[in-house]
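What follows is a single chain, given as structure tokens, in the form predicted alone.
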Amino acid sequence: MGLEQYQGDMNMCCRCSCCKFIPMQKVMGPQFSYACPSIAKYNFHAYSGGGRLNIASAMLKNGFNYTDKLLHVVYNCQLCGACQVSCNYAMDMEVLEPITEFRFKCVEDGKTSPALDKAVARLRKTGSMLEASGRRGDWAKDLNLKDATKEKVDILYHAGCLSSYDKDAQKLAKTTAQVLQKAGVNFGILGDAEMCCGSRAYQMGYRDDFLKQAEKYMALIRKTGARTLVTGCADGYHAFKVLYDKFNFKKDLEVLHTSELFARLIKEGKLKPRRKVNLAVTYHDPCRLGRLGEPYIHWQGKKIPGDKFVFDPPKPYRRGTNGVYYPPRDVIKSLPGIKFTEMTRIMEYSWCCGAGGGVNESNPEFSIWAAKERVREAIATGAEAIVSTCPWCEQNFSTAIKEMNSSLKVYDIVELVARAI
């Protein structure tokens, strides 16, 4: 592992700028054509996917000369993967992986962001990056849920840090549990024993902290005997489904997002949405449920010597096309009374909400700027509400909408399901 293994990919970059925009075939006009929030905000090539590859490649050759400006470029990236999928529309090369490794290198060399250091220090001390009052399992009081550490369950529900500790987001965990109870699902929770999945530590560049967290948490999950883990957090889904698989922690654990489980339960007739939800909505694809949520591809091979960038056996690339896109849409469309309209940038080409990659903690102004761009895109559809499947996205949108004095509403998909049943 390390930045060096991606030298060939970084040298492949021809500065075509495809990483900055959604593919031309998907562009509907000048207003919503950018893919990358960083380049759209700072408008200088260094802030694009290709720009970061160019810088990392040069530093590998000439030495790592860290400056404040360089670190601003490195840390003002949500690591949302939009550059990767736009580049891979026509190219075979890794973009997001070397950018992530570049951040790991900065952390290893002690070139970190004070805000991110603070968040990770909190994780090491308390087990969560959030400033929290109360106990992790307090959200489940009076719900009479099974304790998966003591009772046998088929499904383990992971609420996640935000839905456990944030007073506004706790309603998502509560509502999810109530919906699963109504469907007769044999599930349980870990309550106070639940842990942070480590996803955001990974995004911030603290790989070792992520690995320690993942190893510890998977040991606990295996003790429960649960074969399926369900979460409503896109960051958590990406951690369990992709990162835990990448680093060989996941094994045979089935990982589902709540929207996938809801779609399955509706199809089986165990959830019956009958009440009308008279609302015009649009849907936001979270980065780590969508393009970054597709299964990890294990590949071992070598580069064939010569001028061509060719591998034996052929190397497959994760292009974002196999993320979780249809289950949430199927659920939304199954709700009586819903009027559903898509935004311009959807599925693997969705615009980031701005909350990922540690940007929410280190540069909240930029984080909310990105959320406002998405809110404007949602408003352009004529929708009354933007629906998503990640509490981090929904928190960012709510803040942006408040600052914009907009009347747009924000819902998690579970809130609409609960209303319909």
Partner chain sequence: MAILSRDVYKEFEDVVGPENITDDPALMPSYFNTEHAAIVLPGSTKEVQALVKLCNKHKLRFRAICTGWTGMFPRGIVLFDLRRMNRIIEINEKNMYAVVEPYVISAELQAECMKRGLNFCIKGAGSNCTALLRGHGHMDQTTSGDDRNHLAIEWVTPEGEIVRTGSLGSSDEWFCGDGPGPSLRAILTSAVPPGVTPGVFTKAAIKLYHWPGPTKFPVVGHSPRYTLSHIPPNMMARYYSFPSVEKMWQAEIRIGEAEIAYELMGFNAAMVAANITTCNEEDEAMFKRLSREVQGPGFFIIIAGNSADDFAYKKKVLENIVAEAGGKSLKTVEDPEIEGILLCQCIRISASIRETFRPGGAFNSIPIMGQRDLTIKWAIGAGEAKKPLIEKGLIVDDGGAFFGWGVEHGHLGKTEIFCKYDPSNTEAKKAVEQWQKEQTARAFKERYFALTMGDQTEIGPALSNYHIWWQKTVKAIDPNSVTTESGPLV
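Positions refer to the first chain, counted from 1. Bear in mind that the values here come from a model prediction, so they are computed numbers and not experimental data.
From this point on, the text means the form predicted together with the partner chain, which you will not see here.
With the partner omitted here, the stretch from 132-140, 271-279, 180-188, 345-353 that lies within 4.5 Å of the partner chain by heavy atoms in the model of the complex is 345-353. Checking L220, V310, I297, A121 against the partner chain in the model of the complex, a heavy atom within 4.5 Å turns up for just one residue: V310. Three-residue candidate spot I332, A380 and I421; no residue lies within 4.5 angstroms of the partner chain in the model of the complex by any non-hydrogen atom.
Taking the partner from elsewhere, N54 is found to have a heavy atom lying within 4.5 Å of the partner chain in the model of the complex. A residue is said to contact a partner when one of its heavy atoms sits within 4.5 Å of a partner heavy atom; Q25 meets this definition for the partner chain in the model of the complex. In the model of the complex, the partner chain sits beyond 4.5 Å of every heavy atom of R376. Interface residue remark: M404 is not counted as part of the site for the partner chain in the model of the complex, having no heavy atom within 4.5 Å. Applying a 4.5 Å heavy atom cutoff to the partner chain in the model of the complex picks out K26, V27, M28, G29, P30, S33, Y34, I39, A40, Y42 from 26-42, in order along the sequence.
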